[in-house]
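Listed next as structure tokens is one chain, alone, in the form predicted on its own.
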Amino acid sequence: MGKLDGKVACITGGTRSIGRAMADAFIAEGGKVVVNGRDEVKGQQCLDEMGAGDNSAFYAGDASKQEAVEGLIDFTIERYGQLDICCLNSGGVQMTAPVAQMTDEEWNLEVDWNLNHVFWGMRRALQHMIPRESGRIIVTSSVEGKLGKPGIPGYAATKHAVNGLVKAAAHEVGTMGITVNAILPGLIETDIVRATGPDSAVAMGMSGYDELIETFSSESAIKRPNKVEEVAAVAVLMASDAAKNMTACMFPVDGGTMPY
């Protein structure tokens, strides 16, 4: 038997990187998964590669938009009749600029993608989970939710806020059989990081992408970037019955980067 037999999950940003690793891990443990992404072609390719047949589905939508996040949850319940695990995983460094130079538009984009998406998804998921008195909400936060580097103030601020939202929600539903937790990954060389890393490095006062990887690796105990599979393994634990007494937690998957 798998750890997630009979469980149904949805994952924002589930067609690549951390979200894809979560989807693969959930299916391997017997779960059913709906993955979300913006591109329908990539979504179908993801399903084909996963090879899970009727145990997987794709929902197209931009997770920085309320209708897409709520639509994903509604679609999952319509498709499989229940929602046991809601992974709010989409997000990332959207804009790099010092506070004094960041525009309102840039700030609002960071807030919608990294914070509002979590609020919208969490609210909708809890509305379904509370009557059942059962459920797992897993949020992909970041080590920057406890740290904060120059040049990425929107990302750092929203991840700090996400961690607070996780703790507040967990205490609201803790007696209802529902857990709410966050995973805080360290640097992972995903395709998103490869695309945004050069600009982020410059914004942080580094020479480029190579220095970014070297700096983040040197700050950890393991002296290397983290892996998506390492994050997914923690997500499986959080989604399983083994973690029924673990809630309002921030789980670092950062190789020892955070000082506390």
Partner chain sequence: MGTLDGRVACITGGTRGIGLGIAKGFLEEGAKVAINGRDRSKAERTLAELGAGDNAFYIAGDVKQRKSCEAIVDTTVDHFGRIDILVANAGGASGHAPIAELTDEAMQDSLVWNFWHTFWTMRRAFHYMIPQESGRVMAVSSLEGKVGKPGISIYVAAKHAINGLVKSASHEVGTLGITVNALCPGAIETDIMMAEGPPAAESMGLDYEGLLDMFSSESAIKKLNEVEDVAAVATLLASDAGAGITGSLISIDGGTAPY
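Note that the coordinates shown come from a computational prediction; the quantities given were computed from them, not determined experimentally. Residue numbers count along the first chain shown, from 1.
Quick note: we don't show the form predicted in complex with its partner chain, though the next part is all about it.
K.L.:
Quick check for you: of 63-71, 39-47, 230-238, 206-214, which stretch puts a non-hydrogen atom within 4.5 Å of its partner chain in the predicted bound form?
P.N.:
Only one stretch passes the 4.5 Å heavy-atom test: 230-238.
K.L.:
Using a 4.5 Å heavy atom cut-off, state whether V8 contacts its partner chain in the predicted bound form.
P.N.:
No, V8 is distant from the partner.
K.L.:
Report whether the minimum heavy atom distance between S56 and its partner chain in the predicted bound form is within 4.5 Å.
P.N.:
Because no heavy atom of S56 falls inside 4.5 Å of its partner chain in the predicted bound form, the answer is no.
K.L.:
Might T103 be said to contact its partner chain in the predicted bound form, defining contact as any heavy atom within 4.5 Å?
P.N.:
Outside the cut-off, so no.
K.L.:
Consider S17 of the chain shown here, and say whether it contacts its partner chain in the predicted bound form, taking contact as heavy atoms within 4.5 Å.
P.N.:
Close contact is absent here: in the predicted bound form, S17 is far from its partner chain, nothing within 4.5 Å, heavy atoms only.
K.L.:
Looking at its partner chain in the predicted bound form, is some heavy atom of each of P98, E144 and K149 within 4.5 Å of it?
P.N.:
Not one of the three qualifies.
K.L.:
Could you work out which of A28, V202, I222, A195 is the residue within 4.5 angstroms of its partner chain in the predicted bound form, going by heavy atoms?
P.N.:
Going through each option in turn, the one that passes is I222.
K.L.:
Check each residue of 239-260 against its partner chain in the predicted bound form and list those with a heavy atom within 4.5 Å, in sequence order.
P.N.:
If the 4.5 Å heavy-atom criterion is applied to its partner chain in the predicted bound form, 239-260 yields A242, K244, N245, M246, T247, A248, C249, F251, P252, V253, D254, G255, G256, P259, Y260.
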